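First, one chain by itself in structure tokens, the form predicted on its own.
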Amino acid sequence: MGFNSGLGMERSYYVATANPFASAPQLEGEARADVVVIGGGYTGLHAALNAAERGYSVALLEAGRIGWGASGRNGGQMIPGWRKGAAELVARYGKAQARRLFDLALEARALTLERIARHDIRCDLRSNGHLTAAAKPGDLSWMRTEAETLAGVMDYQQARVLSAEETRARVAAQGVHGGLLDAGGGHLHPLNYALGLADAARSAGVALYENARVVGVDAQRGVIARTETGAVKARYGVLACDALLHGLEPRIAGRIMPVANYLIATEPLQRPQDLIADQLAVSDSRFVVNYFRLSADGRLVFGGGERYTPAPPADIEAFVRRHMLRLFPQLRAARIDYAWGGLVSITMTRMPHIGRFGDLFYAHGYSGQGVLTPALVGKVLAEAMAGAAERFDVLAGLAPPEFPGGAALRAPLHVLGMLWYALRDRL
């Protein structure tokens, strides 16, 4: 929890509405397992669950509380695909490889829905679609190209471009010029999804440990993960720390950039369907994106805003509320009941960073696409441990370059980049 301190998880709507979850013990002394997983978010939980289902003994070490990292703090948006759109994938990788990557992304969606159904995870799942709202009239051009590429290259018929009138009929937001509606999208309660995965992992035999921050990893012969109170010796290891990796593995730290996101939740609204129809998940086309949806009890959950320093704003509620009111001025009188933040990681290419050092696997850098993708990643990591590495090699081939200057200079350079893109949004 420590690295996310000051970001208000205790003021999170998700914590206030979390399902009951039996806390896990702290690691005491030495333990042995076939697989040790470091990190109790979506990636770690999916990796642990898949490995256990393959017959491996698994120990999972979480530095704070399970699900309290990015996995339990995010906007809950389920957006099929990668952070790079279909047209960008084709331009970068060619049609054949782009289609293969997109099919993997669709498998991630299917696996996520299958897990929720199989384990009866109560996470307010809504699968009615995701809408990208056009913040500028010119955005409709690339949206049409995207819809055509999805249909023609990816054989994905679920996306279509909406006019400004059609979009405003679904989202009562200011400054909307049309949109791209993907019927395959949706949203969920992210913390309850994580806790449901953890319960499923525990039922599958995974040994869960909380408040078990790993202070060192030795991957010379097998993997040894050491905490301040114990150690786990294992055949394989999985580093699933994302933005909270810090100095644990310097060889990969420079490939990701931790970025803070901030969210608020209003009071329950009188007529929430007048704000967003059809329980859609919505984000806009700005580089510094706004994203929003309705909760199960009729609140607007809104994330957005620009922040260029590591320090959180003194008042998260006020910081995010002004961005909400630019889009929804009709909510000026609405009370804000919850305000919180969290760290996620991005990469230079906005594609994830997945790989291995011998028997130590790692996966992070989902760049805002981290709700659906981990279901696939966890399965592929378990496949690779079992000797079937073809799909792992495909994902490892996406490896992004280091940020210029590595971990030391990535933050100031990122600030300059964000300032430029924020200015471009305004212009």
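In this text, all values refer to a predicted model and were calculated from it rather than measured experimentally. We number the residues from 1 along the sequence you see.
Quick note: we don't show the form predicted in complex with a small molecule, though the next part is all about it.
Peer 1: By the heavy atom within 4.5 Å rule, which residue out of 276, 89, 134, 344 makes contact with the small molecule in the predicted complex?
Peer 2: None of the others qualify; the residue that does is 344.
Peer 1: Could you tell me which one of 371, 360, 382, 33 places a heavy atom within 4.5 Å of the small molecule in the predicted complex?
Peer 2: Looking at 371, 360, 382, 33 one by one, just 371 meets the 4.5 Å heavy-atom criterion.
Peer 1: At 4.5 Å between heavy atoms, is residue 258 in contact with the small molecule in the predicted complex?
Peer 2: So residue 258 does not count as contacting the small molecule.
Peer 1: Spell out, yes or no, whether the shortest heavy atom distance between residue 395 and the small molecule in the predicted complex is within 4.5 Å.
Peer 2: Contact check for residue 395: no, nothing within 4.5 Å of the small molecule in the predicted complex.
Peer 1: Considering only heavy atoms, tell me if residue 76 and the small molecule come within 4.5 Å of each other in the predicted complex.
Peer 2: The answer is yes: residue 76 has a heavy atom within 4.5 Å of the small molecule.
Peer 1: Going by a heavy atom distance of 4.5 Å, is residue 214 a contact of the small molecule in the predicted complex?
Peer 2: Taking the distances in the predicted complex, the answer for residue 214 is yes, it comes within 4.5 Å of the small molecule.
Peer 1: Report the stretch among 260-268, 89-97, 159-167, 318-326 that approaches the small molecule in the predicted complex to within 4.5 Å, counting heavy atoms only.
Peer 2: Selected stretch: 260-268.
Peer 1: Report whether all of 13, 195 and 301 sit within 4.5 Å of the small molecule in the predicted complex, measuring from non-hydrogen atoms.
Peer 2: Looking in the predicted complex, the three residues 13, 195 and 301 all stay beyond 4.5 Å of the small molecule (heavy atoms).
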